[in-house]
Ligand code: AMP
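Quick setup: one chain, the form predicted alone, written in structure tokens, and binding and motion questions come after.
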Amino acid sequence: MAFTTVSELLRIGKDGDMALGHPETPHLTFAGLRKLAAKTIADLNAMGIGRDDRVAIVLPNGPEMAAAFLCVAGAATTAPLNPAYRQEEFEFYIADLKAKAVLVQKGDETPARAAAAKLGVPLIELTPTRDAGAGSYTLSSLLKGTAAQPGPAQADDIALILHTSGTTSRPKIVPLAQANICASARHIGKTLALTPGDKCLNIMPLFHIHGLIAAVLSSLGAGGGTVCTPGFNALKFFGWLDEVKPSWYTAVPTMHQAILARADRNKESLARASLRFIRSSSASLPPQVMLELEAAFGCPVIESYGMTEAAHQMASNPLPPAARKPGSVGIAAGPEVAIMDEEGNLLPKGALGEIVIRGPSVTKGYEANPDANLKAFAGGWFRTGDQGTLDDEGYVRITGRLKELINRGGEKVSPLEVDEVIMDHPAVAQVVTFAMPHDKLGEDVAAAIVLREGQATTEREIRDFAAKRLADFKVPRRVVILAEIPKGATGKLQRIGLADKLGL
């Protein structure tokens, strides 16, 4: 069924079917979720909050966060923020968003409270009522007023605002309309052939586009359910797998690798699991990890390619019997995908250039940032900032983020290519290749690795191993062996700035 707003999406599931779940509480049905959404619209309107008013959401991961996102998006604009931020970060984001209110959980002593008070932004408190079903809540606030635009949000209204991760500069604001996020949910549902019989185990953070759209919205848009955990925990994952009996889960590669590291100790859980597929997105999945996951779980691993500006999914490997190509992020799966040169010309199949997209899930532009929009859009296409190729069958292969490519004395090195080679070393569990400063070459190649349990190797061995398969200028000059590689808030490995963090 076509739906262009979150309110329309919530009408799809059958009344008595599970919409939201939690490993330890009774689930919330679609009928219960619809009732909660109607009550939330009425409550927010009575607080003077309506369509296109912005509500910053600072809630712990779990079904209430999922329900609040869905229900607030039905009435206003949601702006989910990472609950781990410090007060100064909350102050920046709440001010930058021009939030009309900040939604927090009653009793949760988050620094967002002090940030909101300092900025004079009112609080709305959410009290969980899990006995009424996972995700159920009541709202309370001192706010009173009349909404300028009451009632359910419309297709062109902004449903979700997220900041891009500002690794090198001020983060940009990405506004996504109801129609954008619903298009992405439909695309994911179609790619994965989701049905009302499917149940997703969500281990992704819900302040991130991956968890919000791929796990929650796409499931509900197909009439299926999502069980929301308190966040990723490799020690609890197999227990959840047994209890929830999901048909699929979606995660970033570092999470898949942490799950694989515990697979040998949880063979009985693996034998009982009945996953239809596993999805991976938000960073490149090493082909070696894809094959290990498929062997461990006995189901296909579907690697997808997403970014915030496209409301998540842009391309995806298809389900069997269609071909899944390890090392590729699949075929266009929603927006159109093409390859463009620096001058804005589209390139033929096989040519290397910047991956560009256009389609119904793509943002119309960054907010209040004409310079960024001038650089990001060319002839109606959005420039992703990723370098890659399209093969004859339309499969997209990413060679790296353009800003992450290592420029070693004029020679361009793709960190992903080096990663893929080093991952073949039997002692290596994880690798991230990155640029380190060099006084003569500008940049040189470095790699940080985590070893498999019980394995040992040396920097020299890894360099010799890489030298057999890589041109000399691509071989890392430094290899750092770590217990853990620093990750971002969503579990992604951070290449930019890693040399500084490691003191290289």
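Every value quoted in this text rests on a predicted model; they were computed, and no experiment measured them. Only the largest set of C-alpha atoms that superpose within 1.5 Å between the two forms is called the rigid core. Heads up: residue numbers just count along the shown sequence, starting at 1.
The same protein has a further form, the form predicted together with the named molecule, not shown here; the description that follows concerns it.
Novice: Using heavy atoms only and a 4.5 Å cut-off, determine which of 283, 139, 263, 332 is in contact with the named molecule in the predicted bound form.
Specialist: Selected residue: 283.
Novice: Here the chain is shown alone; which of 274, 407, 146, 129 has a heavy atom within 4.5 Å of the named molecule in the predicted bound form?
Specialist: Of 274, 407, 146, 129, the residue with a heavy atom within 4.5 Å of the named molecule in the predicted bound form is 407.
Novice: Given a 4.5 Å cut-off on heavy atoms, tell me which of 414-422, 179-187, 75-83, 399-407 is the interface stretch with the named molecule in the predicted bound form.
Specialist: It is the stretch 399-407.
Novice: Taking 5, 217 and 222 together, does each of them reach the named molecule in the predicted bound form with some heavy atom inside 4.5 Å?
Specialist: Not a single listed residue reaches the named molecule in the predicted bound form, so no.
Novice: Is residue 304 close enough to the named molecule in the predicted bound form to count, meaning some heavy atom within 4.5 Å?
Specialist: Yes - in the predicted bound form, heavy atoms of residue 304 and the named molecule come within 4.5 Å of each other.
Novice: Heavy atom to heavy atom, is residue 362 within 4.5 Å of the named molecule in the predicted bound form?
Specialist: Residue-level check for residue 362: no, no contact with the named molecule.
Novice: Since only the chain is shown here, I'm wondering whether residue 208 would be in contact with the named molecule in the predicted bound form (any heavy atom pair within 4.5 Å).
Specialist: Judged by the heavy-atom cut-off of 4.5 Å, residue 208 is in contact with the named molecule in the predicted bound form.
Novice: Contact between residue 269 and the named molecule in the predicted bound form at 4.5 Å, heavy atoms?
Specialist: Result no; residue 269 lies far from the named molecule in the predicted bound form.
Novice: For residue 405, state whether the C-alpha moves by 2 Å or more between this form and the one not shown after rigid core superposition.
Specialist: Yes: residue 405 shifts by at least 2 Å between this form and the one not shown.
Novice: For a quick test of reading the superposition: does residue 26 move by 2 Å or more at the CA between this form and the one not shown, rigid core aligned?
Specialist: False for residue 26: its C-alpha shift is below 2 Å.
Novice: Closer or farther: the C-alpha atoms of residue 405 and residue 281 in the predicted bound form, versus the form shown, with a change of 3 angstroms or more?
Specialist: Relative to the shown form, the pair is closer.
Novice: Where do residue 284 and residue 412 end up in the predicted bound form, Cα atoms closer or farther than shown, with a change of 3 Å or more?
Specialist: Closer in the predicted bound form, by 3 Å or more.
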